[in-house]
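First, one chain by itself in structure tokens, the form predicted on its own.
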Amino acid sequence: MTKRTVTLIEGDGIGPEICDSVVRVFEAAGVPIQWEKAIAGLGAIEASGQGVPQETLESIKRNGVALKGPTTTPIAGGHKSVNVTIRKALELYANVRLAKSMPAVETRFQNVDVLIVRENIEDTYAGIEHYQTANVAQCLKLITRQGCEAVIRYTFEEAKKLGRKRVTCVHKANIHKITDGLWLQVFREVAAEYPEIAADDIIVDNCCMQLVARPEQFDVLVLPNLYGDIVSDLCAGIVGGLGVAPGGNIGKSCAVFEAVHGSAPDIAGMGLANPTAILISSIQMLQHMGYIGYAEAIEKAMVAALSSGAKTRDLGGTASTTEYTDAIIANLSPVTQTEPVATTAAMDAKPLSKASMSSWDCVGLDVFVHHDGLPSMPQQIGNFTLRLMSNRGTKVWPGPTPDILLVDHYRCRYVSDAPISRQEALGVLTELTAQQVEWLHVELLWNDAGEAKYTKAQGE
């Protein structure tokens, strides 16, 4: 059988020890892969001055798959996070975490088996932030149709491949009606293409409550970046913590699988490290590659070893890293399904859709201004009428100003009765500038066949 080459980044601290466990287990199971070692983390900084050398990125691109141990990023010195660098450089758009009950890990819950898929690039994590005034900071929450579709389609493809029955979309579309509304809309569109898989949705706060009350009710969760970051760690806590939490980062042409815990330099080289998390990550890697038979065999052997009492110290046992690995190898059964299952990259399963603005009309603009106290704005500028002013999202004009905290940042909405051009919108800014209004930035207001593509103010 032809062997696949996989990049192996051992990392720092206990990384080499736990990666060696994976290498030994794979060799014993006869997994048809060969390893190509690369470096990242503190060792890479000491050797080359870079946390992720270009040679490491090229190895991952060349092989398409990597397994990564925990790495250390110095707190000082200006070095970027190794994990973030790899995700951004390789456009790894889906973060995949498995929360599954383990026989040797005592928690308040049993029979938990939840796959959590998190969008990994966009949302507030795009990092587009500005001070608007000395008292007001703003972060842009970017949700794109293509970004949503890529990660949601990946989720359904993965659910189908793994035989999972239900995908739940997590959102806050009751509040973030446009951004999370787009996320939910795309979810429903993609879900319709997978009738064999049940699909539903849940608001993120209710999801968190349900997870700590009855987590066994969930099968697969797909979430935008911010909610996914929080909920995936919550799910890890339900099954025993980050020490048993695997992680995968999936892109169109590359995937990197890793243990999400730290490098634990204080116990490095002492034989105390628990390789469970990276072993489960390697199982996810095999599933991603289509080696379902090998993945199942290794998972069953690990569960059998834990059930027999072979546990490392952090799980309440006495086994060393080597002894625990030996127990897993001793419980391996012959692999019956050795040929890889055909897999389809999510972004190649179907071309990503692209909506058009051809039917949209620009009907006005929101002008954000700096002013202490309610500003005196012109109520008419040409064909534009001032319809409202808001402060922190709450309408403060027209009508009586509510008794709320007012900050020095106001949204002033100018609307026309007919579609406008950008030149006409610019005329509003020209007039406001002439009247010495301290405008900060502008958002155009669009309608699509009479449907507003913008939100109302609270109280409007």
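Everything numeric here is computed off the predicted structure, so don't read it as measured data. Numbering starts at 1 and follows the sequence shown.
Heads up, the form predicted in complex with a small molecule isn't pictured, but that's what we're talking about next.
### Task
Identify which of Thr179, Ser263, Gln284, Ser232 has a heavy atom within 4.5 Å of the small molecule in the model of the complex; exactly one of them does.
Filtering the options by heavy-atom distance leaves Ser263.
### Task
Just give me the single entry in Cys254, Ile203, Leu272, Ile143 that has a non-hydrogen atom within 4.5 angstroms of the small molecule in the model of the complex.
After the contact test, the surviving option is Leu272.
### Query
Can you pick the stretch from 296-304, 374-382, 93-101, 272-280 whose heavy atoms fall within 4.5 Å of the small molecule in the model of the complex?
Answer to the contact question: 272-280.
### Residues Thr71, Glu258 and Ile267 all lining the small molecule in the model of the complex, heavy atom within 4.5 Å
So, yes: the whole triplet contacts the small molecule.
### Contact flag, Asp314 vs the small molecule in the model of the complex, heavy atom cut 4.5 Å
Contact with the small molecule, yes.
### Message
Given that the small molecule is not shown alongside this chain, does Ile14 nevertheless sit within 4.5 Å of it in the model of the complex, heavy atom to heavy atom?
### Response
Yes, Ile14 lies within 4.5 Å of the small molecule in the model of the complex.
### the small molecule contact in the model of the complex: Thr325, any heavy atom under 4.5 Å
Output for Thr325 is no: heavy atoms all beyond 4.5 Å of the small molecule.
### Task
Verify the contact flag for Asn83: yes if a non-hydrogen atom of it lies within 4.5 Å of a non-hydrogen atom of the small molecule in the model of the complex, no if not.
Residue-level check for Asn83: yes, a contact with the small molecule.
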